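Encoded as structure tokens, the following chain is the form predicted alone, with no partner shown.
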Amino acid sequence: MEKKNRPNKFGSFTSRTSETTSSPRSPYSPLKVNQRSESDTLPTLEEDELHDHDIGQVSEDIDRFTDALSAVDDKSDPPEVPDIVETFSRILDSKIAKYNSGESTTRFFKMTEEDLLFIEAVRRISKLTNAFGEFPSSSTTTSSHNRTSMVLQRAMTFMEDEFRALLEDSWSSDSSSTNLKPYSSFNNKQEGSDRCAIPEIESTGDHDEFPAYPPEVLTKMNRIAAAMVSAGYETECCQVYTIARRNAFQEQLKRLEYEKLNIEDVQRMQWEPLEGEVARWIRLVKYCSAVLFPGERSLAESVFSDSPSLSKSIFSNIARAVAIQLLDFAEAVAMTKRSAEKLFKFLDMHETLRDLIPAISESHCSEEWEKEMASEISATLDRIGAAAMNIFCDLENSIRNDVAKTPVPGGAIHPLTRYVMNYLKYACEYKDTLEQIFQQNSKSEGEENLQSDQATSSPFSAQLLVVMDLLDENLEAKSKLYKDISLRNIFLMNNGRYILQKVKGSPEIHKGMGDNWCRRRSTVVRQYHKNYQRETCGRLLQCLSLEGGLLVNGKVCKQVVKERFKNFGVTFDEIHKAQSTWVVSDEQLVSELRVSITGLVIPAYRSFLGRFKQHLDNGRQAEKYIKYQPEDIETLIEGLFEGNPLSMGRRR
């Protein structure tokens, strides 16, 4: 007989949906589809017979029967199971078979209304199975319970596969290709800064969000996860999700060109390649804090929106595995042999991990997990901080061990001075971090030996003063290598002026050293200048002195006048010849020295020349003893402190 005006049928799986609530975990253990025996197979209905059933009416009947089962107080006396239960089980089993056979070509990748109704049907049979489970195994409902359990297990196996496919396929096809710019030890300075530059992460894809799941895929995964959890398959659902997302996270790390290194690998690496790995690690940790972790947390919250505690637990497990991997690398680096050039990368790592703690606290995970991760990060911070402090303090030994037997030519700035001051300049760009590290690792021993201004300063500032004092002592010892006292003062003046300029040029160092130190240093440098003037100009002015037999009973002794003019010329030649090769790097200091020499020598020479030149016999004799006119001396003074252009040039 021809069937007319057929209502909505299961064949197209289009009908109204019914709201369902989560039910407690079922007491049975999940089976795998391939574990079914022939005796377990449900009899199948003919396709036409399936179409004869109004799925909307069937769903209503199942809901009413499930409510009736739940309302039974005496579980030993279950109601009769209607035929609609067997029909509903067969309909759902037939739909699963259709999905698995490939007749439904898109499966869940295009979540149609039919697919949504299938999920609702699964949730419905889950509630029914749980309701059956409340009755004794010897009751008349046992057969129906076994039947619905088997269908539910098949549905769960199918949905587990779909869940895995959505997790693994959708994100990989849509995710952006993100990588790190190549790292180089050279040309890695940020413009206008001396701090170590770090390679940036760049995105070459169309999406900047992570993970890049389309909204419709998130909806599908949310529906599947909710159905599996409500059916008591929480463990299987979480396991599939966690494995897929851990693999996805590791794949993302590979795209960022991060390679996992164990402690042995790190210990064997030379510093240059390891420095590149550290820079990459720093950028990766920052990227995890800003993008990957928030994205992963948001994904878990979206997929498991019906189970907030579950989403927190899943994200915590995924994030912890990655965080521990990153912390292990930092720990391994902290264990490498200490050397001065590692300080700045260690400080970069310290700052990066320090900024990770707020990101963890903002992850909205369980309080226990947040405390655990904060503790792990803090422990790593302590190790890196202690290593950085020890490296900085090793600067003391570097200064003490720099014992030279040969003076620097021309009294120029010593390489040790340049090294120490540039090292301090770069280090003090991390002043706040170093202050924190020294404060945490400060030692009480030896504090009674600090000067008064050191005792009231921070531990790091006190360490700066110790370094400066050691550098002063070292330079003072090196100055004694110069036999010429004038050159000795030029050396001390050069180095002292350089140190003072470096301190004043760096607000961080200046703040650490203090204004009192700067004033004392300026006074010391001026004293070096005065000592130089007294030694150099004193020799010339001695030749122009009125004492020493120049005047005898008020009369000028011509022979002494001749000797004085001759000695002045010889002395000036010696000074000019020597001091023209001396090096003064600071242009202002050069100008000050020349002006001071000119101001002392030229007026005295003019006066002496004007007063005693007439006592020479004639012009020819005057030319013999008077080698220079005042203008000549002024010109020659302008050539002092230029250094030897063939062997030394000015350096800043």
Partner chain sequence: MPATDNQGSFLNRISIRRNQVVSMDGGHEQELEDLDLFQKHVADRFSDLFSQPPQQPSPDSSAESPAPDALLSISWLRKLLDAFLCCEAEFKAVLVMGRDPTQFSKPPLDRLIPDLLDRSVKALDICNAITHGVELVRNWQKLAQIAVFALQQQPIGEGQVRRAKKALNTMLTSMTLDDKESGHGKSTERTWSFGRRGGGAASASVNKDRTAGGHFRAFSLSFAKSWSAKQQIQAMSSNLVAPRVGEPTGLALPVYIMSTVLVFVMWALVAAVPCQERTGLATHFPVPRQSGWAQAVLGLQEKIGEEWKKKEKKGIAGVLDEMQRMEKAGLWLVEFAEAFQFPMESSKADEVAAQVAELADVCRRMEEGLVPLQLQVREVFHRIVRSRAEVLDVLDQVGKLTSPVPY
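Numbering follows the first chain given and starts at 1. For the two forms, the rigid core is made up of the largest set of C-alpha atoms that agree within 1.5 Å on superposition. In this text the structure is predicted, and so the values were computed from the model without any measurement.
This protein has a second form, the form predicted in complex with the partner chain, left out of what is shown; the following refers to that one.
For the candidate spot formed by His145, Glu160 and Gly232, every residue has a non-hydrogen atom within 4.5 angstroms of the partner chain in the model of the complex. For the candidate set Lys511, Lys260, His576, Arg526, a heavy atom within 4.5 Å of the partner chain in the model of the complex is found for exactly one residue, namely Lys260. Contact with the partner chain in the model of the complex, defined as a heavy atom within 4.5 Å, holds for exactly one of Asp348, Glu86, Glu429, Asp402, namely Asp402.
Residues with any non-hydrogen atom within 4.5 angstroms of the partner chain in the model of the complex fall in just one of 136-144, 551-559, 216-224, 531-539: 136-144. Residue contact with the partner chain in the model of the complex: Arg338 places a heavy atom within 4.5 Å of it. Within 4.5 Å of any heavy atom of the partner chain in the model of the complex lies no heavy atom of Trp271. In the model of the complex, the partner chain lies within 4.5 Å of some heavy atom of Glu264.
The partner chain is not shown here, but in the model of the complex it comes within 4.5 Å of a heavy atom of Arg383. Of all the residues from 244-258, those having a non-hydrogen atom no more than 4.5 Å from the partner chain in the model of the complex are Arg246, Asn247, Gln250, Glu251, Leu253, Lys254, Tyr258. Once the cores line up, the CA of Phe568 ends up less than 2 angstroms apart between the shown form and the other one. After superposition on the rigid core, the Cα of Glu473 moves by less than 2 Å between the shown form and the other one. Relative to the superposed rigid core, the position of the CA of Ala427 differs between the shown form and the other one by less than 2 Å.
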